[in-house]
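A single chain, nothing else alongside it, follows as structure tokens in the form predicted on its own.
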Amino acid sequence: MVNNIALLTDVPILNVQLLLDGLLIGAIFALAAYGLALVWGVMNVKNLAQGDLVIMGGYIAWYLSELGVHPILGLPIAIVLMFAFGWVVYFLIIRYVIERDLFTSLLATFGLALVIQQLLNLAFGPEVQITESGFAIRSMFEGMVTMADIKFIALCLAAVLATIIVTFMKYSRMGQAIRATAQDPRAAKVMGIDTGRVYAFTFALNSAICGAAGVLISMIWIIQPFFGMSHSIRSFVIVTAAGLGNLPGVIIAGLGLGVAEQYAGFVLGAELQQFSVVALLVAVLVVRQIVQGRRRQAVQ
């Protein structure tokens, strides 16, 4: 570890590579985390199956690529299929836990995560897969820094999708209904908003967002049926750090997590890279508890 830290100091150009990779992949983390923030903020459901929905989207892209459909062309197909899947899951599972306690929603979504993992394992096998994008890898600074074109394209696609989602939430009637329901479900119901339909649409929209993120991730990283938990933890870290309803905070936290994970992988080794994500989640929770405790003391 000490040697790796010294290497970063002796060869500063390595920092450029780590920062570049972290920012590019962090944008996709932020996209998936925004979907979690929607479900958490509107429905008060802590979705432990968030990462498994991401992996499911990645497998849709991979399967379409096996059929000859380029993954970028398969992106809208994955979004539609995942939206429909989310709508069905809401009516089968999620609508029964919205009014229940925290433990019930965690248990239900954890069970959903296990079901998705096993279904993907049965359908596609336990082997790791990657969706071939066919794009080139470019080098800079005399070959000391490399950047895959697909990472930059994924960043642009994530930005476009985020813009579409924000515009939809701000100007469409459903988006306004979602925001009203998030602020006060009872008042929204009195005003004639069908909160059940809003909840169903919100969870379906989250599934579609996860599907899109999964397509982008499958072209950059490997996917495997049991890799969902790591993506769930990343989303929880980002949302917990940024707070609900704070899109700029989600973006900043997503980019920061991407960079932090790249540095952790380089300094600590790939085997401890996932550990660093869990450690960040614990650190964020501890810091938030300390801050909230000080605020209560100040009020008293």
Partner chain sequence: MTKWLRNIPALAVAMAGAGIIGAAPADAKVEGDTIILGSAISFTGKYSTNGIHASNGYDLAVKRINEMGGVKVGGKSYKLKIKYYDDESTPLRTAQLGERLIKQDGIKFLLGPYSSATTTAMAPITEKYKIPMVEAEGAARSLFTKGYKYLFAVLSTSEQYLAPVIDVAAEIAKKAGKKPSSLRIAMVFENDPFSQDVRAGVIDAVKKHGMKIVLDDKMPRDLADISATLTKVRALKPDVLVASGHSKGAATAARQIKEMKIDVPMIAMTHCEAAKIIKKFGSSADGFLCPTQWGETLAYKGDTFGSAMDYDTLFKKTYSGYKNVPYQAAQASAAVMVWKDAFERANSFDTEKVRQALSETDMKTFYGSIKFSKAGNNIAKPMVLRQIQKGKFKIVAPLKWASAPVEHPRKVPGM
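Positions refer to the first chain, counted from 1. The structure presented is a predicted model; accordingly, all values stated were derived computationally and were not measured.
Beyond the structure shown, there is the form predicted in complex with its partner chain, which is absent from this document and is the topic of what follows.
Q: Taking 4.5 Å between heavy atoms as the contact cutoff, choose which of Ala204, Ile79, Val145, Ala162 touches its partner chain in the predicted bound form.
A: None of the others qualify; the residue that does is Val145.
Q: Just to confirm, with a 4.5 Å cut-off on non-hydrogen atoms, which of Met174, Ala187, Leu92, Val128 contacts its partner chain in the predicted bound form?
A: Selected residue: Val128.
Q: Quick one: does Cys210 come within 4.5 Å of its partner chain in the predicted bound form, counting heavy atoms only?
A: Cys210: no contact with its partner chain in the predicted bound form.
Q: Answer with yes or no whether Thr181 is in contact with its partner chain in the predicted bound form, where contact means some heavy atom within 4.5 Å.
A: No - in the predicted bound form, heavy atoms of Thr181 and its partner chain never come within 4.5 Å of each other.
Q: Going by a heavy atom distance of 4.5 Å, is Ile220 a contact of its partner chain in the predicted bound form?
A: Because a heavy atom of Ile220 falls inside 4.5 Å of its partner chain in the predicted bound form, the answer is yes.
Q: So, in the predicted bound form, is Ser230 in contact with its partner chain at a 4.5 angstroms heavy atom limit?
A: Ser230: yes, in contact with its partner chain in the predicted bound form.
Q: Please identify, from 196-204, 221-229, 165-173, 79-87, the stretch that has a heavy atom within 4.5 Å of its partner chain in the predicted bound form.
A: Selected stretch: 221-229.
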